[in-house]
Every structure is written in structure tokens, then in C-alpha cells.
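Okay, here we've got a single chain as C-alpha cells, the form predicted on its own, with questions on binding and movement later.
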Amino acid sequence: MEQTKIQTQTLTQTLTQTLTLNEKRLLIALNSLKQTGPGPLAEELATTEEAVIQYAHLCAGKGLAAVDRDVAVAYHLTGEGETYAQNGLPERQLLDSFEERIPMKELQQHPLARIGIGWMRKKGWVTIKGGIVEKAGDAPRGEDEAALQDLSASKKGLQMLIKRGLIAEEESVSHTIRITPEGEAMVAAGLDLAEEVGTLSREQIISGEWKNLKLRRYSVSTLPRRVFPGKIHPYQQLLTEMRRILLNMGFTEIYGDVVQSSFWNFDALFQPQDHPAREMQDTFFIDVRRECPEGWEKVRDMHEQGGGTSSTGWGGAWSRDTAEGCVLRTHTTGLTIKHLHDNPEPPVKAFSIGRAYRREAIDPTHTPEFEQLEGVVMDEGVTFRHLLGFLKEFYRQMGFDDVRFRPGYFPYTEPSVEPEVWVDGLGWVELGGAGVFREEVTVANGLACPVLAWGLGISRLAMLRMNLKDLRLLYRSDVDWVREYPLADAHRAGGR
């Protein structure tokens, strides 16, 4: 019995030595209050509530205190929600704006038509036939409308309004701190509140003064506070890695304007002027014009009748006016063909990493702007086999050991392939397009040697390497994601 008492006293003494001055002060203040929030303790200790919670957690880790965390959720109307609470949801206002039926064109003049028509159809309030909108009977008051007037009326309606952005959800966190019997016993045994020294100065060490100081004890088993250093965005890390690989393979990086003439973006690549990719749903047209370069007649002749090659061209009349219109570049291939046109003497090994723009709806796998990696090799004697070798080596250095190629079609290369890599859990994934420039492209641009070319979608490659499900993360400033992502992720997605 006596031995057990001695052991308990020894453990208590050892534990007391590990307490910091702030923890001791907290326990003494808490011993008189027994249970309270961080506010009164912060006032007692002349510090902040955040500091009190930190001290309390340290004491809780030693079994001397307990910290209870309570999360309360509150709901309130957003600005838009308040407007609709007064006037009714858009679909209700729209439904009340006409009698039994109304022409769609007339209904679309209503300021709430863009929002309300879709919701009326979704709720089954109307039918639309032959351009006429007709009411489908009664439109009873829904749970969302009930929740809009009384937030406690319907939980389901509340969630519906949260999804529509009409109600905001806010969390408030409160803490309750209480002392444990072990903490009370330690306070009763007495706590030394002498000032402690946590950092020694040079003079204290040299003079030997440190021997007489009360030094703060540190626990090497306690994890330090996390520190988040500044670092390069993970996507930029990947772009830098690709750039380094190609530079090490002997390529030169090239750059160019985001706004390109249709001549370089389409015509110089033997893409017909009536190709669907030139239509508004795919391309952003700019109200700017740029003259065709000297020698543009060769491109015209190639389109119209094959330019003296084995090709017959596309036929019809080629429009210089169309070629001089400008677009936001839909790919970076226009940069490489212009570079070859300006540097027709072999050898040429060049690449570009740039952003391209296409009219796309934004979702987890599509964005209207994205990065593309473009590469070309022009030299005497290069063949399709060399192209496959370049691509396989690039993907190998990116961490994909299993690479295969399947036939593909592109307007300006023949033969063409689509490289695929093996990804565990996904199988074979296509990552771009490649091929040998057709003679209609090389001859029209004054090139006498074969040209190997490829364009790779970097965003898809990034999603595989970073294990992402949403492409938009690459372009958002999600601080938490950037902080958690490793500085140098050695993991590679490829291989079997």
C-alpha cells in the first residue's frame, strides 16, 4: 500500500514537471470555476480565448482537464432568398404572371423566365408543346416554399433552398472546459508558478547562468504546431517537370500569342474553312484581323486543288478574308507550324506548353481553357517509328511504363495515332494525338523534310498524376489542397 502511494506521488511529481507555466495557471483558475467556457478563463489569465483552448487541450492530453466541443448549425436567408421570401419563388411568380397558356416567346420576356421556366417544368406545373406553355393543373405550395417562409417548417425544403443558394448554413463552435479529479488533486498538492525560461541566450550559456534558471521542460512526443511554407502550386510543379523532361531530350521551347489568325490556327494546317471546329460552339472568334503572311498563295492553292502535290485539295474557293479573321487559339499547333514556317531548315526540335481555348461548358472534366503540350521534330530521315520512340520516352519519364498506340485521325497528320498509358484501376487511358504532317501541310509551308508532331492534353495527365476527380481544382486557389499536396510527389500512376 505504501509502495503504491509512493509510485503515485512519483508519477504526479513527474507529470507536474512537464506542465508549462500557462498550463499550471489554467489549472489553478479552472479549479475554482470547475467548468466554464474559454471567455472567463481568458479574462482571468489575461490572454486570448484561442490561447486558453490551446492550454486546455495540452492539459487534456495529460488527463488533467477535459474539453467539450459543441457545434451548432444556424440557417439564414441570403439576399436573394429574402427577396423571394417577400415576392415568392421565381417559378411561382412566373406561373402567376399568365392565365392558362402563353406563347413561349412571350413568356421569355419575363425577367424571371431564365430561372423560372426550368423550375416550373421540373415541378410539373406546366407542359410545353409547339411553342406554347400551358399550366398542368394545380400547383400546390411545396416544401421549399414553406421553408422559405419558416425555416423550421420543412427539413427537406430547407435542403432544397440551400442547394439553390437561397439559404446559407453557418456553423458556430463553442467549448466547455472542466477540470478532472486528477487535475484537482494536482492543484491541491501545490503548483510552482515560478517563471520558466524556454529559450537560452548566448550570454546565459557562456556565463553559466543557465544552471541557475528554471528551464521549461519539453515533451519530444508532442507534435509541434503545423507550419505551412510557401510553395509552388502542384499543377505548376507538373508543368515544370514536363518542361524539364523535354529540354533534357534536346527540345527548344517556343512561345506565341494567345490570339491567332485563322490562317495559322486552321488554314496552314490544311483544315478546311467549312470544318465544324470553326463554328461558334467550338471557337471563340475575336473582332481583330491580321494579314496573311507572305506566300499565303501556296496555302490557298493547296486547299483549292492540291498545290501540285499528289493531293486534290478540298476543292471550292478558299477565302483570304476568312483566313485573316482572328480567334483565341483552339490549340497550340498553330504556334509550331508558324515556327516551322519561319525556320524551314532542319533540324528542328521544338515544343510549347500553352493555354488553349474552346467553347465548353464547365464541369468536373471540362473547362473552356486548358493547357496543351505541343511538340515537333523536323529532320532528314525521321520516320513514324521515331515519333513513337519520342512519345514512349516522354511518358516513361513521366512515370508511365506501359504505353501503347492505336490508329487515329487528325486533319493535318497521316499516319496518326493516339497514345495510351496504363493506369491501375482505370486501364488504358488516351492522353493525346500524334502523327506525321501531311504533305499538304509541309509543302504549303515550304518544308522539305518530314515533320513529326504531337499534342498532349496536360490537364488529363495532371488528373491522373494527382489523383483528382475534378479538373477545376487545377485552376482554383484551394489553399487547403495546396497545403496538403506533397512538395515532391514521387508517386507515379502508371505501371502494372
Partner chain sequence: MPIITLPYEYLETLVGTDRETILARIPMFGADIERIEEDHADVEFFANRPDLYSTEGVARALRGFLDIETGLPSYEVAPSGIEFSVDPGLAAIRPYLGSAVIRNVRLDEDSIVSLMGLQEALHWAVGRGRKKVAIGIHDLARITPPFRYFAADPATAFVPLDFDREMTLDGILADHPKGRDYAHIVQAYPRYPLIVDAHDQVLSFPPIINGELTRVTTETTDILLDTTGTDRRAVMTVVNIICTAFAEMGATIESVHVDGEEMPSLAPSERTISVAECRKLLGIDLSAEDLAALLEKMRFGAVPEGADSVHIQIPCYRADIMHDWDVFEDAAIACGYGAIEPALPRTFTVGKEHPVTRVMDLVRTLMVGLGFQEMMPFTLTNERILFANMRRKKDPAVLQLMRPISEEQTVVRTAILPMLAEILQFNVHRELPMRLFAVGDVVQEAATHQHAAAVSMHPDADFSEIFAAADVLCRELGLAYSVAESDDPAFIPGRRGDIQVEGATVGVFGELHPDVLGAFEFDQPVSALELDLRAVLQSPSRRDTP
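Positions refer to the first chain, counted from 1. What you are looking at is a predicted structure, and each value in this text was computed from that prediction instead of being measured.
One more form of this protein should be noted, the form predicted in complex with the partner chain, which is absent from this view; the next part is about it.
Taking the partner from the other structure, the partner chain in the predicted complex has no heavy atom within 4.5 Å of any heavy atom of residue 132. In the predicted complex, the partner chain stays beyond 4.5 Å of every heavy atom belonging to residue 119. In the predicted complex, the partner chain sits within 4.5 Å of a heavy atom belonging to residue 254. The partner chain is not drawn, but in the predicted complex it has a heavy atom within 4.5 Å of residue 349. Contact check for 247, 369 and 404: all three have a heavy atom within 4.5 Å of the partner chain in the predicted complex. Stretch 385-393 is the answer when you ask which of 174-182, 188-196, 150-158, 385-393 has residues with heavy atoms within 4.5 Å of the partner chain in the predicted complex. This chain is drawn without the partner chain; in the predicted complex, the residue among 318, 125, 296, 235 with a heavy atom within 4.5 Å of it is 235. This chain is drawn without the partner chain; in the predicted complex, the residue among 168, 146, 213, 258 with a heavy atom within 4.5 Å of it is 258. Residues 355, 357, 359, 360, 361, 362, 367, 368, 369 are the ones in 351-372 with at least one heavy atom within 4.5 Å of the partner chain in the predicted complex, listed in sequence order.
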